[in-house]
Each structure stands twice: as structure tokens, then as C-alpha cells.
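Okay, here we've got a single chain as C-alpha cells, the form predicted on its own, with questions on binding and movement later.
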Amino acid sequence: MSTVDTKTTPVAADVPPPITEATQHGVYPKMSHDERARFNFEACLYKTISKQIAPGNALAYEKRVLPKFEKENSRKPETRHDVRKAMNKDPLHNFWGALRRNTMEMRQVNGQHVTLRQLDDLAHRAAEINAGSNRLMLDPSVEVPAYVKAVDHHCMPGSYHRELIEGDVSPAANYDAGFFITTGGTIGGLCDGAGESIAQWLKDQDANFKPKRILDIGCALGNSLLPIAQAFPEADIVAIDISAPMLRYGHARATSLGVKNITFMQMSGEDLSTFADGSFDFVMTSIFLHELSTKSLPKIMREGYRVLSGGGAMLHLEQPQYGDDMPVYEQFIRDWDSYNNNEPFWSAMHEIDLDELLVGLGFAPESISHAALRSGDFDMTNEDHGRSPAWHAYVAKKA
């Protein structure tokens, strides 16, 4: 396994960077003094929870929960579910969990306040930038799947596909501002550390890798894609998502930042029939697979394989899969979002053997590789699993 470490603005040991350090662009939401102050408070609270309270979970497990479990069951916990049920009775763990959940809700309340009061202005700014472009292709006939409609992802009312007015971009603006806060600025002013890591890894693996066409499935507003578009400026890039607000905002954001080789298309990854077999040299997803139902995920990956050209590469960036080499306690702590942060498919997705799935699509086992990617400066000894800027890439090359 290879490791790539890209550097962003250093973060002070005690205080995360203020929201004013987030990179501004043509559709970034405008904030009052009080709105900025609330975001900054939330960033500090996130860091306090992560660095000062979260380590208490492991102590509670080792000193209280594990001994009690072994005494009552005459065995060690065998699964993350064993650990979860036992830890849910511990007061320190519940205190940490309540703070973490409430902080996410606070972030959404402030983000809604910021974006909804300028709903019309955000839509107007995006429309002005997007006007006349042939690289924004929306399709009102695309249906949001029932499993997506059923969830307010990350505690955001209506989730990221909600449209309150014509041309709405407010869900994406909320995401854009809030992402900097929840990551504590550790992945850069544009929150694009994952994309920078992918781009750097691709160049390190093969300096001659110059894909002509790239497909990003589930692009959201393009955080991870823009560094790749900049790394391969000659490539024709297609970014698809089912959310029109995300695509409107993403296109306007990319354009205002000078990135103009991406076509944003409203489309489901389950049906890529618009594209011929073998029409892309590189197919990717970034922190997307865990948003998919167990039925949708293999369909999307199968379509991705179909449109990938011979000799092309597929890359999926996620958190590491659960397996025998990961302790059940770590599996449990990584699984928290599935039960407490409106990520219903997180748990099941991280059980899937992705290597086996890739082989089932047609990739040769020897063509599959893994890479640990990370961005920024952070203390791995106190890692808040799932929230630190560290990811796992699953890569496969098509014969």
C-alpha cells in the first residue's frame, strides 16, 4: 500500500482557522459578523470534542465497558455491534455522542440561516455565471431515488437535492460553507484535500498518465474534482449527480475559480446509457459509495466499469472497509455516523468486500491496488475516525 501526504495551511494546535480563511468565489455565501462567529464557535467545539473528549471513548471501553462485557458474557466482544450495545450504556460515550450530534445540528441551523436569508441572491449569482454555458446540463426527468429522499443527510432538512425556488443553489452553498467548519480547515480553503491527494497520487504512480476523458460519479459540488481538473487541464471531464442545486452551484463555483474543462450533468450513476462502452479513461467516486443503498452501489459500479476504456483506471475514495484486520472497537467508532449522523448505508457499505466486487465486474485480481491518502497536518494519535483528512483509495485497471 502506498501513502500520499499533501500539505495544506497548517492548523494551530489549539484553535482551528476561522471561517474567513475559507476560499471565496463567485457563489460563496456572504456572512454577517454573528454568522461567522457562530461558525467559528462550532469549529472550536468540533475540535474540542475530537481532541479532548473523543479519546475518552477508548479509555471508557478499556477501563469500564470491556471488563464488564467480559464478566457478563464470559467472552470478548466479537463484533462492532457487541461493542456498540455495550458502549451505549456508558455515560462518557453518550456525552460525547450527544455533543457530536448536537454540534452537527447547530452547524446546519447556522448554515440554513446563512443561506436561506440570501436564497434569491445566491440563485441569481449562480444563474449569471452559468448563463449561456453548454457545460451545465440539467434534466428535470431525473428522479431522486426513494432511499435518498428518505434521509436528511448530515442532519440537513431536505438534504442536498431540495429546491425551494427556481434555480435554487442554497443546499450546495450550505454544504460549501459548513464543510470548512466540520473539517477544521485541515483539507484547505476549498475543502479539496481529497482531490489534491488523488491528483498527486495519480501523477506519482505514472507521470505519463494523461487521461483524455474523466468521469466523476456523485460529484456533489465538485470539491474533489477541481484539483483533478487542474492537474489534467487537457482532459474533457464529466461530473454527474442527481442534485440540480449541487450541479448549478458546482458549475458556477468551478467557472468562477477558472476551471472550465468540466461538464456538470444531472444523471443517475445507475444509468449511464448516454455514454458508449469504453468512453472514459478514468472513472472515479470520492466519498460517495457510503451514500448508496446496497442495491444501487453494484449497479453504479457496473455502469462505471462498462464506460471505462481498456487500459483505463477506476478509483473509489472512501474510509477503510471493515475486516478481520480492523479491531472491533475501531469498527464501532467508525460506525457511529451510520446510527447517529443520518448515514444509513455507511455500516453496510463498509462491510462489502470491494476487491471481490471489483473482480466480479471483470477486473483482474492483480490489477487491483490500494492507497492510503491523507491531507494536511493532524495528530494521528488522537484521530477522530471518519472525520480526519485521511482516506483509503481502491484502484483497479481494466484490461
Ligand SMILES: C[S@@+](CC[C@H](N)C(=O)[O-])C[C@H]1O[C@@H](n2cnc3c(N)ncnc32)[C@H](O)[C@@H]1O
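Residue numbers here begin at 1 and follow the sequence given. Predicted, not measured: the structure shown is a model, and the values here were computed from it.
Missing here is the form predicted together with this ligand; even so, the following discussion is about that form.
Contacting member of 202, 301, 220, 122, with respect to this ligand in the predicted bound form [4.5 Å, heavy atom]: Selected option: 220.
Position in contact with this ligand when the complex is considered in the predicted bound form, options 136, 315, 148, 104, heavy atoms within 4.5 Å: In short, 148.
Candidate stretches 75-83, 304-312, 274-282, 242-250 - the one whose heavy atoms come within 4.5 Å of this ligand in the predicted bound form: Going by heavy atoms within 4.5 Å, the stretch is 242-250.
4.5 Å heavy atom contact, residue 224 to this ligand in the predicted bound form: Contact check for residue 224: yes, within 4.5 Å of this ligand in the predicted bound form.
Distance check, residue 269 to this ligand in the predicted bound form, heavy atom within 4.5 Å: The answer is yes: residue 269 has a heavy atom within 4.5 Å of this ligand.
4.5 Å heavy atom contact, residue 288 and this ligand in the predicted bound form: Judged by the heavy-atom cut-off of 4.5 Å, residue 288 is in contact with this ligand in the predicted bound form.
4.5 Å heavy atom contact, residue 96 to this ligand in the predicted bound form: Result no; residue 96 lies far from this ligand in the predicted bound form.
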